[in-house]
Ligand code: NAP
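Before any questions on binding or motion, here is one chain by itself as structure tokens, the form predicted alone.
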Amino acid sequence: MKHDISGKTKVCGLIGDPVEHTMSPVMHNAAFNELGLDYVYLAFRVRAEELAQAIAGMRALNIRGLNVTIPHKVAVIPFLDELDPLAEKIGAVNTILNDGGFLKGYNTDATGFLKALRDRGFGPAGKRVAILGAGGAARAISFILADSGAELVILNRREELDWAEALARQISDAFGKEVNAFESDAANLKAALDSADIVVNATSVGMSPHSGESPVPAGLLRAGMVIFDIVYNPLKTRLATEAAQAGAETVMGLDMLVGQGALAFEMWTGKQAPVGLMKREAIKMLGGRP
């Protein structure tokens, strides 16, 4: 049963542009309802030029927490009072906690990824990880994996190889370990995947409506490796399907989405998130069967 909104109701939300397709309101409102919490979660479309006013509004309206999505994850930082050390290293924020007008930024994309990996029993310490992509998601994932003791190689398409090289240098400097970046051509993919324990697709390749695509040729997939595809729409990507057929372990992108949402929920409410419920609601919204 839905609770009544009152003058005491705490507000959380999402800022980004666009926000129409977000699954966060469905996940969070179901979780608030399940735990009987007097909270509500809303999505706010905020244009780039309105970001400063939006964060000032967060303080003025005493909004308890915000998730931050594209294109604001980096641009929001100057408007916050403090950053969690990991968010500072990554240089991107996707969750803000408002504690009596003091705004602190976190990166639960990174910790949500790690939670999803560990929940499946795959600890990254000492493992060789091949990361496909060098955008915002790849950046968060690379930093948390390096922080957790993994050995990394980053592959990206030729047009944006400089992104991958810059990211590799930053991780090398931050953690004092060698990280290489290569073009994701057939030879480099084969070399990286032959020695990888874990492969992360941090690109949008395979995302609906292009769900017939995969960033990895099926012949490079094998038993004994873990494939983590961060794409969550469709629920089961071509990469995940072919990985399972090859005998590899797979981790779903939805697990990262739910993981980062659950961590933000716990930060804002101080309560343990009903992760199973949040996942079921997200699956329902994606048109799958819980």
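Since we're looking at a predicted model, the values are computed, not measured. Residues carry their position along the shown sequence, with the first being 1.
Separately, the form predicted together with the ligand exists; it is not shown, and the next lines address it.
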Item to check | the ligand: the contacting residue among 264, 55, 243, 230 in the model of the complex [heavy atom, 4.5 Å] | outcome: 230
Checklist entry - Heavy atom within 4.5 Å of the ligand in the model of the complex: which of 119, 197, 160, 82? => result 160
Next on the checklist: Residue-level contact is defined here as any heavy atom of the residue lying within 4.5 Å of the ligand in the model of the complex; does residue 211 satisfy this criterion?
Outcome noted: no
Next on the checklist: Whether residue 65 contacts the ligand in the model of the complex should be assessed with a 4.5 Å heavy atom distance threshold; does it?
Outcome noted: no
Item to check | residue 134, heavy atom within 4.5 angstroms of the ligand in the model of the complex | outcome: yes
Next on the checklist: Given that the ligand is not shown alongside this chain, does residue 202 nevertheless sit within 4.5 Å of it in the model of the complex, heavy atom to heavy atom?
Outcome noted: yes
Checklist entry - Are 156, 253 and 256 jointly within 4.5 Å of the ligand in the model of the complex, each by at least one heavy atom? => result yes
Next on the checklist: At 4.5 Å between heavy atoms, only one of the stretches 74-82, 143-151, 95-103, 203-211 reaches the ligand in the model of the complex; which one is it?
Outcome noted: 203-211
Next on the checklist: With the partner left out here, which residues of 57-76 have a non-hydrogen atom within 4.5 Å of the ligand in the model of the complex?
Outcome noted: 70
